[in-house]
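One chain comes next, on its own, written as C-alpha cells: the form predicted alone.
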C-alpha cells in the first residue's frame, strides 16, 4: 500500500510494468493507495501539473473522462484545485467515454447531466471544448455520429490521457464482454449485470436503458496514457482478473495489459484479491503470525479440497507454503490442529456472548449480560440481508436490541408502490364521500401524488412529497421485516440521514449534520456491541457513506465510558462475502431460521430487488466450513471484528 509521501508518479510510467518479486503476477502496473481520496488527490495533482505545463507551452490538453461513481472523488479534487489553487481549464478539451441511448441531455441520469453536475459547471472549461456522445441522435444517424466522434478525437490530436473505471463485468466504457480490441465508437447493447448495477439510479432495472453509445476498446487504447481507477471490495475480484488474468475480450479492461503506458489505480479494498495481498507466500517471504497461518492453511485446504486436519507435509511443500512449516519448526499436523481450533472457535450460537460461560475461545465476551446491541442498517433491507438470522438469535437470547435504519431508502422504491397507495386512497375516498366521511383532504393528497409522479415522468426527480411517501411505505415494510426477526416496532429507529434525503445516487455527500445525528444515537444508547456494514463498499455507495458517518461519530466519542468496552462487528450486506480466513465470528442458522430470514427479505415488496441470493451466500459459507472439516450446518452468517474500534 502506498501513502501520499511515498507514492510513485501515476502518469510517468511509460513502458513500465511491475518490477518487484511481490508484484510478479501483475501484468499491468498497479498502484495501491490507502483510500480513494488519497489516490484521487494524487492523480488530480499530476493532471493539474500536466495541464499547467501545456498552458506554459501554449498547448492544449486532451483528456478522456469517465462517469459513474468511481471518478467522482477525482472530479471533486479537480474542482478544489480550480477554486483554491487557481487551476484553469481553459486549454482543456474533453471527450467522454459514453452516454445512455435515448436519454436527453437534461435527463437526471444522462451522462451529460452527470458531467455538468460533477465537474463542468464548477470549472472554467469552455463549453465548445466539451464532447459527449449524443444519446438522442436518430437511430439511422448513429453510425455517422460515432464516426464523427472518432474524427473529433483525431482532430484534437488524440487523447493525452484517458480516465477509466471498471464495471463488474470488467468493462471499460460500455465495452461489454465480447468487445474486440479494435472496436471503435459505436452503439452497444448493455449487459444484464451492467443494467442491474444501474437499477438504483433509475428506480428499478426495468427503467435502465438497454443501449448506449460508447468509445470502443481500440479508441481507448489509442490514448497516450491510461489510468483505470477502482474502489471498494466489490471490485477486488474483477481487478485481479484484469490485472493478473489472460487478455480476453470477455474482460475489456484486460486489454490495458498490452498498452505501453497504463496504470491501475486502486484503493486498499479493491486490491485485496491481488496475489501479493491475498496469497503473499506465493510471491515472497511473509511474517507467519496467527492470522497469516490461518489464511495460508485455509487456502491450502481449499486448493487441495482436503479438510484441514488431513493436510500433510508434502501438501505444504508442494504448494508453496513449505516456509510456514519451516517458520514454526512443527510438523503439518501440529499446524493443522492450531488452525483447525482457530476456525472452530469462530463458530458460535451466541453472537452476543453466552452468560456465565468461559469466553476464552469465544468470539464475543460473556459479560455484561444481557448486552445493549446496536445494529446499523444503511438502507432498510441491508441488515436483514446480512444478519437476519443473527438478529433473531440476539433477541431470543435476551439482549436489548436496537435496529437503526440510517436512511429512509426512498430512492429504491418504485413509482408503482406510491401510485398503488395513492389509488387505494382515491378509491376509499370515493366510497366514503358517497356515504358520510370527510375525505376531501385525503383525496387531494392522493391526487397530488399521482399528478407529481405523472409530471416528473419515468426517470424524473421525485418531489419531496413523493419521496416522503415512498420512505413511509418502506418504513412499514421494514417494521414487518423486523417483526419476522422477533423485534418490536419500538426497537427500531429511523434516522433519515440528511445526506440521503437531500441527495441522489452517485451524488451523495455527507456533512456534520449526519455525524451529529449518529453521535446522538450512539451516546444515547451506549451500546456494548455495534453491528455495522459498508466498510469495504464503493466510497460513493450509501453503505460506505453510512459507515464513514458512523466512524466519524465513533471517533468523536473517544472519551465516552461505554465506548472503551464496546465491540464493533462488521457484516456484509450487498458487498462481497467474507473469505473463510477473514471470518472471526460464524453464526450457524437452521433451516427454519433460513426460512424466516427469507421471509423478512420478502417483506420489501416496494423496492423489487431480488436479494434472496443472500441465502445462497449463507449456504456457501456453511459449505466452506464443512469442507474445512467443521461441523455441517445449513447456513452461516459471517462477521469480522472492526480493527478501528479501539
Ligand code: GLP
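A quick note: this is a predicted structure, and the numbers were derived from the prediction, not measured. Numbering follows the first chain given and starts at 1.
Below: the form predicted in complex with this ligand, not depicted.
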query	finding
Contact residue in the predicted complex, from 97, 546, 375, 227 (heavy atom within 4.5 Å of this ligand)	97
Contact assignment for this ligand in the predicted complex, among 40, 593, 30, 69, heavy atom within 4.5 Å	69
Partner-proximal stretch of 402-410, 367-375, 285-293, 172-180 relative to this ligand in the predicted complex, 4.5 angstroms, heavy atom	172-180
In the predicted complex, residue 166 touching this ligand (heavy atom, 4.5 Å)	yes
Contact of residue 572 with this ligand in the predicted complex (heavy atom, 4.5 Å)	no
Non-hydrogen atom contact residue 194 with this ligand in the predicted complex at 4.5 angstroms	yes
4.5 angstroms heavy atom contact with this ligand in the predicted complex for residue 111	yes
Heavy atom within 4.5 Å of this ligand in the predicted complex - qualifying residues of 225-244	235
